[in-house]
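In the form predicted alone, a lone chain appears below as structure tokens.
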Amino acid sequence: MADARRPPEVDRVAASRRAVAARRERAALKKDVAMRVITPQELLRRALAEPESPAGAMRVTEFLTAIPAIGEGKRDRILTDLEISPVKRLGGLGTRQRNALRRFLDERWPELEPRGGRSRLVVLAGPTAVGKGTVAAYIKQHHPEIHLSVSATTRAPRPGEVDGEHYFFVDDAEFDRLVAAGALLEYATVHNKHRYGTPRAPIERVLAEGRTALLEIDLQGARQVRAADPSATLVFLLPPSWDELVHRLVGRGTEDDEERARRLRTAKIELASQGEFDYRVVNDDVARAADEVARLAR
């Protein structure tokens, strides 16, 4: 006779699978915080909004040690200062504890506050393989009022790329000439390999007409544009998760293993720079992300 107190085998298997899935999701969320794909505040918001979710079930100790620069010793001091028990889960924090943790996070890792007086010069940047080109191409097709800048580059065309439409493909001698003539608004060497730059004249013409110019460039270029024109609007494109960024880079199939490893190291550094930007946009859906960037560009 079956023991009525024991759950059916199928229920135990399903519960075990759910537990494994929840652990994996918590691990992915911690990785996203560690890699700066999401802010600690964003993870805390998710946990408090859905206390029964994997985010809500995360222990506060796990949460804090996922944040860069917080080890176990510092974590324990923080919990003591905030008067939060180490066994607490994020979704189970009381009102006082929630407020104390929010204040602690906001003081040390302030979230973005867009500056006033921004211009119609909009820069879209982000880590490698995040989909900047795809989002920019969607904006070009669906928001013709926004001028998408065409960069010059010394790299060879990829399959399907057209000179003058996707990039101006130039050799090193021509790129040197453009730099010497001051014809580039910004330029940089990307991944220690090829040079990219934004022709200055088309951008100045578009801005003089009162239109919006969108530059889809790398982090180095974004910093140069900010230095040249502090009123430029900087938008940082984020992946939905670190795992998705890795998947996109591997799935692209345009780099060998060594190049992929180098680009992922670069991506980690680039993600840490997002605090320099005015806005963050998550590229979880190309059309939605592109429309959000277009709204910010107005």
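In case it trips you up, residue 1 is the first one in the sequence shown, and so on. All figures in this text were calculated on a predicted structure; none of them were measured in a lab.
There is another form of the same protein, the form predicted together with ligand 5GP; it is not shown, and what comes next is about it.
- The contact residue chosen from 137, 79, 188, 206 relative to ligand 5GP in the model of the complex is 188, the criterion being a non-hydrogen atom within 4.5 angstroms.
- Of the candidates 155, 120, 226, 89, 155 is the one whose heavy atoms come within 4.5 Å of ligand 5GP in the model of the complex; the others do not.
- The shortest heavy atom separation between residue 217 and ligand 5GP in the model of the complex is within 4.5 Å.
- At a distance threshold of 4.5 angstroms between non-hydrogen atoms, residue 109 is out of contact with ligand 5GP in the model of the complex.
- Looking at residue 151, you'd find a heavy atom of it within 4.5 angstroms of ligand 5GP in the model of the complex.
- Residue contact with ligand 5GP in the model of the complex: residue 131 places no heavy atom within 4.5 Å of it.
- Heavy atoms within 4.5 Å of ligand 5GP in the model of the complex are found in one stretch of 193-201, 80-88, 138-146, 101-109, which is 193-201.
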